[in-house]
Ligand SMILES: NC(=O)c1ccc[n+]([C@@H]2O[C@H](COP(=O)([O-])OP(=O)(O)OC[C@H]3O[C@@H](n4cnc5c(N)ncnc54)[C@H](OP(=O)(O)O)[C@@H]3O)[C@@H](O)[C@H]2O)c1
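The chain below stands alone, shown as structure tokens; this is the form predicted on its own.
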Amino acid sequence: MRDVKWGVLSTAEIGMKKVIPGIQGSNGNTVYAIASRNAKRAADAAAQAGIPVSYGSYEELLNDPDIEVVYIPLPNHMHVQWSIKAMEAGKHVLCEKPLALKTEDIDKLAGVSKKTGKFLAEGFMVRYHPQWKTAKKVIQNGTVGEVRAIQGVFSYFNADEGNIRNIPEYGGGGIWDIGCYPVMTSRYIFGEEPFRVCALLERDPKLRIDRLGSVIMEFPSGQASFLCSTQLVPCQRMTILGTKGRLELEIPFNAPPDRKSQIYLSRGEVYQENFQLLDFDVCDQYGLQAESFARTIRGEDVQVVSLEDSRKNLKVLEAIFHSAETGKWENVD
């Protein structure tokens, strides 16, 4: 079977450093073209990444009949517009998270996907990593008993005024950029939806984006809480606590593509040296995501992150912002 040909809409850093190499290293996929609104920038990026074709406009790439899938790493506020344009141009779409900034836009995207018959998925690459699949399996097997609590942290430091993650009009800020991950993975592990949330967000007085957030989500089966920040020391951790044991994911979100990932399993031990270590062979979660997407459009697989899943995640994020404004618990739906 011939490879799926991908086109990349923009020369964004996430694409150049992570997603494009992941696609290029995956089975059944080829990164065929890249576009920028600056022809030289596109040509330079193509030369750097070993991509055969470059375009000086997004429209030119969408008009290329050889391209089957478009990957969109544009700023958050442009995701809906260009996802629609790509589907209407006859392309399947993998779009970076957040897919949209309003729930009604997810509904609009779903309508276009249905009308055009083109797949659209949000780029939550972590859902394809074996460590999360294993964590889910361990829980389903009852190894840690009933899961009652999940705790997470995700932080990095970026105070650059010109960075798109720090521009509120572009959908910048910690919750949109990284808070969405502990929300999504908590929903995945519990296998259910939170019915209310409480959030405290601190905003940068100059940048106006949320730079520090603490969130509690109440699920039918228990509670999940997390801290996220765009102006703290880099840190990642997710801990899943059950009635008989716990799991700690060492690097739950930006899993390294060049060394093994690890989960610590405790059946009641307090000291880490007594934990059981579950390790995973080197893999690239962006490549695994691309392979799953390719199988989906070939009719061999079912896309892991559905539009309904994306919609439910966005409902939680909206409730988080609402709670931060009101200072109260807010219902998710």
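Here the structure is a predicted model, which means the values were calculated and not measured. Don't overthink the numbering: it's just position in the shown sequence, from 1.
Omitted here: the form predicted together with the named molecule. The next part is about that form.
- Residues placing heavy atoms within 4.5 Å of the named molecule in the model of the complex fall in a single listed stretch, namely 69-77, out of 69-77, 207-215, 194-202, 235-243.
- Judged against the named molecule in the model of the complex with a 4.5 angstroms heavy atom cut-off, the residues Gln131, Arg267 and Leu278 are out of contact without exception.
- A residue is said to contact a partner when one of its heavy atoms sits within 4.5 Å of a partner heavy atom; Val153 fails this definition for the named molecule in the model of the complex, lying far away.
- A residue is said to contact a partner when one of its heavy atoms sits within 4.5 Å of a partner heavy atom; Met125 meets this definition for the named molecule in the model of the complex.
- In the model of the complex, the named molecule stays beyond 4.5 Å of every heavy atom belonging to Phe119.
- For the chain shown alone, Ala324 is not a contact residue for the named molecule in the model of the complex, no non-hydrogen atom being within 4.5 angstroms.
- Scanning 7-27 for heavy atoms within 4.5 Å of the named molecule in the model of the complex gives Ser10, Thr11, Ala12, Glu13, Ile14 in sequence order.
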